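First comes one chain, alone, set out as structure tokens in the form predicted alone.
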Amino acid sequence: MQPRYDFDTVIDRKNTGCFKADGLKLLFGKADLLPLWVADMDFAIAPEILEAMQARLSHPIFGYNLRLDAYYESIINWVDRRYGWQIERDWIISTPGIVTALNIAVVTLTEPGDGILVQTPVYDPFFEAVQANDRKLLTNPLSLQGSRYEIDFDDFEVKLKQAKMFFLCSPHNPVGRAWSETELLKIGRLCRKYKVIVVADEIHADLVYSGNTHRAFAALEDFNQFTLTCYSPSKSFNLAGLCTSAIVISNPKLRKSFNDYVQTMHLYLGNSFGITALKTAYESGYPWLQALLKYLEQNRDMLCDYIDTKLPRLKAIKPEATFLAWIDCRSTGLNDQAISDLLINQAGLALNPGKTYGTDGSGFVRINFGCPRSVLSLACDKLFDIFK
């Protein structure tokens, strides 16, 4: 029987203004690479979303947007069903993206020179949001224990005493951890103790694999009182180009400071297709997401098994969440530049260098397995050619 959703078809994204494909020459120096780097997927979006966008396109006017009740209800219901957290409409603030929200939080809720803590290796815009706004970057390096990253809570507490804000990446990019409730409770209790504001980037919340669960940080104890939670369908439904995110802030004081800036900068207006896509994804996209997760989990297992059995000089850190795998190349004895040269010039692969995510990422690479399985199989063969 023909599957309802197709994740196997290879779609040519070149010459569509696609950063992943058309930015290769700019960022990697060559255009003829297999692009498995930036975190969007190579799958067609859910047909339900595409149909809704086509219906919106049929109306010939695209003026200023107003988010109607159904938009907010879709977010409220999704967060309740998926994460067991009951939020209120007034808590939801719209921004063009989560990176935008990180910067707004820094500008509105901290002062120049304040310490902001991140857990490295981590998504590089975290660093930029701190340093570009003249704040002090504090790092709590995650500890690789065997094939799994853990939090060094002794160091975390030491750094937290110096911080005004903490960026929580949950699930974590690039190391793929889906933090347990025990870990999140320990984080939250320490942040409460030292009066540290938490910005929880939960953009990968829906991309969690069997045996693991995403827990909304702000839903635990009273953590919502000092937390800004960032959601978006951009990763789970492959809608990054539509620039639509929802920031949930229950604390009225924090919310007012954040929202005043959003209003002043007119960042709340959004775009017609992003609004339509978010609403439709959260109302009708769950069956597609379920099918996607099964496909991605099979991709993850295929990639990690291939590395484990055929590439002993590499080590795959098997992700509990996200469509990104963190690969340890340190046993090759090669430095970061040599690894990049091999990947680009001999294998023809565009992967993210680990050092992008901080000095703790040196010797690693990040590979995006959100692609048709035939493409991932080709990438595995290319890795074999240079690391066998």
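We number the residues from 1 along the sequence you see. Every value quoted in this text rests on a predicted model; they were computed, and no experiment measured them.
If you look for the form predicted together with a small molecule, you will not find it shown, but the lines that follow are about it.
> Thinking of the small molecule in the predicted bound form, which stretch from 77-85, 184-192, 109-117, 199-207 has heavy atoms inside 4.5 Å of it?
Replying inline: One stretch meets the cut-off, namely 199-207.
> So which of T276, T139, S245, S236 reaches within 4.5 angstroms of the small molecule in the predicted bound form, heavy atom to heavy atom?
Replying inline: It is S245 that has a heavy atom within 4.5 Å of the partner.
> Given that the small molecule is left out here, which of A347, I45, A39, I339 has a heavy atom within 4.5 Å of it in the predicted bound form?
Replying inline: Comparing distances to the small molecule in the predicted bound form, the residue within 4.5 Å is A39.
>> C169 versus the small molecule, in the predicted bound form: is there a non-hydrogen atom within 4.5 Å?
In response: Because a heavy atom of C169 falls inside 4.5 Å of the small molecule in the predicted bound form, the answer is yes.
> Would G270 count as a contact of the small molecule in the predicted bound form, using a 4.5 angstroms cut-off between non-hydrogen atoms?
Replying inline: Outside the cut-off, so no.
> Quick one: does V99 come within 4.5 Å of the small molecule in the predicted bound form, counting heavy atoms only?
Replying inline: It does: once the small molecule is placed as it appears in the predicted bound form, V99 has a heavy atom within 4.5 Å of it.
> Contact between T227 and the small molecule in the predicted bound form at 4.5 Å, heavy atoms?
Replying inline: Heavy-atom contact with the small molecule at 4.5 Å: absent for T227.
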